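Okay, here we've got a single chain as structure tokens, the form predicted on its own, with questions on binding and movement later.
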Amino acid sequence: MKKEGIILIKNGTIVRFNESLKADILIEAGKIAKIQTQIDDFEAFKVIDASGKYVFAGGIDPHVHLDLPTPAGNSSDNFESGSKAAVFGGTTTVIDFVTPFRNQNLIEALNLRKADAKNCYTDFSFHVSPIGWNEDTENQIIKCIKEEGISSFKVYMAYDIGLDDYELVKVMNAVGKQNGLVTVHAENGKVIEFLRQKSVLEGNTSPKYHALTRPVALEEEAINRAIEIAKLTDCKLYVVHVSSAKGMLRIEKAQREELPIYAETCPHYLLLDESLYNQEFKKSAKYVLSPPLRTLSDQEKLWASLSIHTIQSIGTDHCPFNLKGQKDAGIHDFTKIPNGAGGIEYRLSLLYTYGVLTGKITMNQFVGLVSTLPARIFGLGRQKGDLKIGLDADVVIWNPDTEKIISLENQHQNCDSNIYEGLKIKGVAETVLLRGELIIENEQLVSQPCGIFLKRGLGN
């Protein structure tokens, strides 16, 4: 007798971080119920034939900025449009950010952000960002961890929300005492601001000066400073969007000392380089993001670090802004261009095409980077990030043969530009399930928004 809600995936190649095998998967009540070489389909309400395809856990993007408020207006993807693009790309969970107003209670800011995400196609969680320090900040951090299921905290070492070293050590000390995790945007913001102002005063205002005023040395220095403070406070550290070889060498030195330091990079640092700033404004402004694009040698080092597991995670830092009406505010002054670009839809396809198919990483490493390791680091490993009995049935059926060219015409993100436009990709998320519910079927959206807020544990 067929039972509604039971889905059977047959004949696929299951790929996990530590193994690959030919097996069937039975899904029941939103969970993975069985994984066996042969499962009879007499009870399954729906049977999906995955012959010739890979089957792996839904992607987890640990770094997105949906509906982000800025002086140039909110980022062009809200939670609904951005998460829709995510599921088309095989991502079923996103971790966004809570950035409070000055002196706003962290829990109040978190609750407001949850409301923003009510129409999400993916499951979601947040990193909370203390942007200062007062007598109640530590209590709010403890409450985030123990009551709200928020176990990671984002700090900035740049921008007007950046922490000074006193505030930084206070936050890391408080989070470290609770065995939480601090994620850090590591750039020396004070020196960058000096260089930016100097550049504009000298009449150097085009987008290429965005990169020239954020040199590698200021990322390397900030990474090293964050590591030393984390070491002193016994705090786990996750360095977001690492862009440079020198930055990675600092991280790898700390990892050799067996410090709990994790690294993330993004597809744009693996595939795009600083030469793209040497174009007219309407072509170069879309690449204004921070840290900026680096050199080909930096790319080579990042790929090498992926292959030896010193980079554990791929995020997108998805934060798109339209060229018209947003980025063009800086047509005469690069400091007024809102920083950010989209990519939430293409993370898996880009890493598969230019990583797996070129032999830079294995298929198992690919699954680890986009799903399993982020789940473990951010306290979701008991629920997501792997295909194991009892975990959420977040499943991607990957067609390795489908080829596409990325374009504005076929993208799902809400933006009038695309930093990956024209790149060829091979391999797509043909079918995507979230907690056992079909979201994408044969590359078509077949669901309404059904994402839920995830309370997370303390991770590794």
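So that there is no doubt, residue numbering starts at 1 and follows the sequence shown. All figures in this text were calculated on a predicted structure; none of them were measured in a lab.
Beyond what is shown, the protein has a form predicted together with N-(aminocarbonyl)-beta-alanine; the following relates to that form.
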Study note, to complete from the structure: The stretch from 356-364, 314-322, 131-139, 381-389 that lies within 4.5 Å of N-(aminocarbonyl)-beta-alanine in the predicted complex, judged by heavy atoms, is 314-322
Check your understanding: Is residue 289 close to N-(aminocarbonyl)-beta-alanine in the predicted complex, meaning a heavy atom pair under 4.5 Å apart or at it?
Key -> yes
Check your understanding: Any chance residue 241 has a heavy atom within 4.5 Å of N-(aminocarbonyl)-beta-alanine in the predicted complex?
Key -> yes
Review point. Quick one: is residue 159 in contact with N-(aminocarbonyl)-beta-alanine in the predicted complex, heavy atoms, 4.5 Å cut-off?
Key: yes
Review point. Do residue 84 and N-(aminocarbonyl)-beta-alanine come within 4.5 Å of each other in the predicted complex, heavy atoms counted?
Key: no
Review point. 310, 339, 326, 178: which sits within 4.5 Å of N-(aminocarbonyl)-beta-alanine in the predicted complex by any heavy atom?
Key: 339
Check your understanding: Quick one: of 294, 347, 236, 185, which gets a non-hydrogen atom within 4.5 angstroms of N-(aminocarbonyl)-beta-alanine in the predicted complex?
Key -> 185
Point to revise | N-(aminocarbonyl)-beta-alanine in the predicted complex - contacting residues of 44-63, heavy atom within 4.5 Å | key: 63
